[in-house]
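So this first bit is one chain, no partners, the form predicted on its own, shown in structure tokens.
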């Protein structure tokens, strides 16, 4: 397999409220990032049309809807996502093995299914308050690894996790099991009011084994988003194994 380019590691989240605003970033960043992420806000506003807009522009799509429902519903929803031509799609790991298996079956090999382990905004106190046993609420990595292993058993292509858990996942589940990491902040950027708790720099995340980095605000809020994406790619370049 040819060596990946540094920019290919970057997933830019289109966390904007309209297709018009999303289109601005698609035009600015096409070819400068590896993939565009479409999440709940934009998908509820625009639906499948925004996915088709990205695909028509030659971009790849990470559809991050974090499906979580009864297995039959999740399977049917994933089948519809697969029909859109997206590259990656998410399902929560916080339920049953059957739900994850239904997502993989619905994907039918057309889209890589990622299990969402523990959101990067979640803290150990959040887990304790939610009723998790102390051995899991106090050991975030143990919970993430447990859920990642469940996703692997179900046939998922990989997981979404914080960059702090990537190394353990790769060691336990293999280099071919994808790790997609939000909570990535470039070394030159401090984000005020950040709701991410478990974070790392792009270089350290890639060095740990991350396959894709979800990087939003440092690019979106820059005076020149394309230049910011290029600067992050430069930071990644020195860490590619």
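These figures come from a predicted structure and were not determined experimentally. Positions refer to the first chain, counted from 1.
Separately, the form predicted together with a small molecule exists; it is not shown, and the next lines address it.
Asker: Which of these residues, 208, 214, 67, 54, gets a heavy atom within 4.5 Å of the small molecule in the predicted complex?
Answerer: Selected option: 214.
Asker: In the predicted complex, which of 200 to 208, 25 to 33, 42 to 50, 179 to 187 comes within 4.5 Å of the small molecule (heavy atoms)?
Answerer: In the other structure, the partner sits against 179 to 187.
Asker: Though only this chain appears here, would residue 15 touch the small molecule in the predicted complex if you measure heavy atom gaps against 4.5 Å?
Answerer: Answer yes; at least one heavy atom of residue 15 falls within 4.5 Å of the small molecule in the predicted complex.
Asker: Answer for residue 137 alone: is it within 4.5 Å of the small molecule in the predicted complex, judged on heavy atom distances?
Answerer: Close contact is absent here: in the predicted complex, residue 137 is far from the small molecule, nothing within 4.5 Å, heavy atoms only.
Asker: Can residue 225 be called a contact residue for the small molecule in the predicted complex at 4.5 Å between heavy atoms?
Answerer: No, residue 225 sits far enough from the small molecule in the predicted complex that none of its heavy atoms falls within 4.5 Å.
Asker: Would you confirm whether the three residues 4, 60 and 158 all fall within 4.5 Å of the small molecule in the predicted complex, going by non-hydrogen atoms?
Answerer: The answer is no; none of 4, 60 and 158 reaches the small molecule.
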